[in-house]
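Given next, in structure tokens, is a single chain: the form predicted on its own.
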Amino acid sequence: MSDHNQRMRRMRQNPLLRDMAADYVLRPEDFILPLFVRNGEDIRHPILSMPGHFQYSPDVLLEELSEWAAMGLRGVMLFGVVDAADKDAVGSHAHDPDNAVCTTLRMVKRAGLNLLLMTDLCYCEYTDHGHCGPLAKPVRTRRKGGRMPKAAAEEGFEGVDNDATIELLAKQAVIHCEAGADVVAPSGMMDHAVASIRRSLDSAGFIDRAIMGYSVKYASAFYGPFREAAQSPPQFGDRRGYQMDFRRATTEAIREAQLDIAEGADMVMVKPGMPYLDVLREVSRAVSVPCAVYQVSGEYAMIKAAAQAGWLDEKAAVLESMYAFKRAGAGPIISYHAVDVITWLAQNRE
């Protein structure tokens, strides 16, 4: 056969043939929607850096979830938003069974919605210093205008106390499961957090509750809008002492994921998404459990901003990114675009 008979466009010209030959397919079940919930009633506070997303009170979020579940959404991940008055150095409010996350879990379970309820386990939203657990050494500094000056990083900041934090994470996990969480997801990048959580869940009788490790989470500039949404920016220092360095090779990412699996993680995650497709590919190939990807707030904000400026087609750009995740090996996709994608998939089927 001559080279002239090799016409690759034969499989592209007919849209029905293109669909039939597609190697990757998106389903509503692939998507997990991150949500921000705070105590109160009748709250739907817009997040300015993430157009289309809000901080919700549990009652308002329940109404939204009922609608989204009917559309085909099957998974959500809850993040707590905490008033400044409820924050302290160790994140005590995270252990309040009546905090916003626990209240929402109970309301959704009572409503009988067909949703997988996942919760983020961390302390950055609950601590007054904004770090992901109690500090290894208390930082004493004068506040200016109610905020700690950045210079505090040079006044005794030594990072987060790893072992104290993993004990607290285990306590937080049990409280979430008592309220109705199906999956808990430790996000602070603390060593041996998964093992601590698994032991506590099993001891409390929650042997059936799954753990999704934020196993490969980089210290990234793409988290900016999230810090507004969750009201959790670090008041001094940064998180490079515990989140991963993006200058490292993918071998470190594989090791992190495998360590979490050995400790009892049922799923692992790579975060952020699009800047780390190479990492996602290598990790997904190296593990034998589902590998999720988190398309983070900065990725969402960039696409939204460009679309609002008329610089790109939002639907086309979002779907292209979702197929990129699937091509790189993603199982579940955690994305702020989840409801949009499910809507578009339904429209395409119709």
Ligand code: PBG
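Treat the numbers as computed from the prediction; the structure is a model and nothing was measured. Note that residue numbering follows the sequence shown and begins at 1.
Here the subject shifts to the form predicted in complex with the named molecule, a form of this protein not shown in this document.
The candidate stretches are 100 to 108, 122 to 130, 87 to 95, 196 to 204, and the one lying within 4.5 Å of the named molecule in the predicted complex by heavy atoms is 122 to 130.
Shown without its partner, this chain lists 171, 255, 192, 227 as candidates; in the predicted complex, only 227 has a non-hydrogen atom within 4.5 angstroms of the named molecule. When the named molecule is considered in the predicted complex, residue 276 lies well away from it, no heavy atom lying within 4.5 Å.
The named molecule is not drawn, but in the predicted complex it has no heavy atom within 4.5 Å of residue 176. A residue is said to contact a partner when one of its heavy atoms sits within 4.5 Å of a partner heavy atom; residue 296 meets this definition for the named molecule in the predicted complex. Residue contact check for residue 239: one or more of its heavy atoms lie within 4.5 Å of the named molecule in the predicted complex. In the predicted complex, the named molecule lies within 4.5 angstroms of a heavy atom of only one residue of 252 to 273, namely 271.
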